[in-house]
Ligand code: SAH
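Only one chain is included here, represented as structure tokens and corresponding to the form predicted on its own.
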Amino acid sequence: MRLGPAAETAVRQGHPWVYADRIKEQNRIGSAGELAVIYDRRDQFLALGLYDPDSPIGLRILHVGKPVTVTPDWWRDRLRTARERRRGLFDEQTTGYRWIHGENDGWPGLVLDRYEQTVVLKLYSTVWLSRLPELVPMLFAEFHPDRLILRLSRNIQEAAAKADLGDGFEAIAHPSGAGNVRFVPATSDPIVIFKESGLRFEAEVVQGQKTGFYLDQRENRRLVETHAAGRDVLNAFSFSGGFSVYSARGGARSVTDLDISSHALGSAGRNVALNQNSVQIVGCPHESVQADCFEWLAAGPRREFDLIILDPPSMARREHERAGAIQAYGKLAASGIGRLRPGGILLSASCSAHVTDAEFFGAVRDAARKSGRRHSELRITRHAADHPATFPEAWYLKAIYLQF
């Protein structure tokens, strides 16, 4: 392959994507997952990537620099490098975390999460489908899980079905060598109980959101625990109640989960029940409210809290949704601020990659200013160490703490 000048420069600078319309020429039609070699304008080797004809991202970069020979050992070294990056981050009190974070670990379009002795492999591109017979035995050999669950993003499920693969399938593999693997519909328990900071949570690994749990908010959950003592806590968009369980252990006076999904609230209740060995959690009143969070915060029963967590799903999955998302973040923050008692803390988070840090923080700060209440900014947080971000589009997670 050869690229246009701008794309060539971007690849040379480390960007992991080449859009299909930036491919200037290629010597033949390729198939999904085939290795593609990029030559620069001087006919020198530039990079190596996985060809992706099914996506606007036509090439996903694996390597830039000097030529390399791609062998099974080359792939194994990349697995070990990703694992080494996490060395020392977690102890036996945390058994749920990310081993591979896609492009940021040199594995474009691929995520690998650990939940106790189960690993969940999530694919976001068809480039990996043909490589599973080679890849999965390597994952078993390197990470030694009891089982491996395959999760597929919606955009590749149709292509995967043609290869007799489905979302939530389980791998049957032996670490002895490539090709010795098959996938079947998962027959084992779809729920895995794992530990995070000594707390127990359930992960819905077969059908749940993401890979079964929102591992990327771990550091914010830990911070919330340090602010929770003696406070009435509202966890809006609570999902499975992670922030609530941490708040209760941190000494909260009460915890309220607010979510539109009864399934999510049920999971939150089960996570509270999993931690009845904690005196603080047992002694903390826990309430569930099923309602639209925007509507309840703006016009629901008149209740006030001392700590409010606003952690909504992505509000801008596409670029054209960005302006509306920024406005929604401001509206949400304003509603939350209106329910804070004096001295209360607001945590507002965004997982929308299309909304920049400046746009999100600006919307929340503007809402705080317009409230007319005196406030201070406690801190800003971004990605956890096991979710590194190495290029602009990867910076999706951001959060801001304000005290009023």
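One-based numbering along the sequence shown. If you're wondering where the values come from, they're calculated on a predicted model, not measured in any experiment.
There is another form of the same protein, the form predicted in complex with the ligand; it is not shown, and what comes next is about it.
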Notebook entry, point to check: Quick one: which of 141 to 149, 126 to 134, 278 to 286, 258 to 266 gets within 4.5 Å of the ligand in the predicted complex, going by heavy atoms?
Noted result: 258 to 266
Margin query: Can you work out whether E321 and the ligand are in contact in the predicted complex, taking contact to mean some heavy atom pair no more than 4.5 Å apart?
Written below: no
Margin query: My question is simply whether F239 lines the interface with the ligand in the predicted complex - judged by any non-hydrogen atom within 4.5 Å.
Written below: yes
Checklist line | 4.5 Å heavy atom contact, D105 and the ligand in the predicted complex | finding: no
Margin query: Using a 4.5 angstroms cut-off on non-hydrogen atoms, would Q217 count as touching the ligand in the predicted complex?
Written below: yes
Next item on the list: Could you tell me which one of A171, L274, A328, C293 places a heavy atom within 4.5 Å of the ligand in the predicted complex?
Entry: C293
Notebook entry, point to check: With the ligand left out of view, which of K195, R86, R78, R221 would have a heavy atom within 4.5 Å of it in the predicted complex?
Noted result: R221
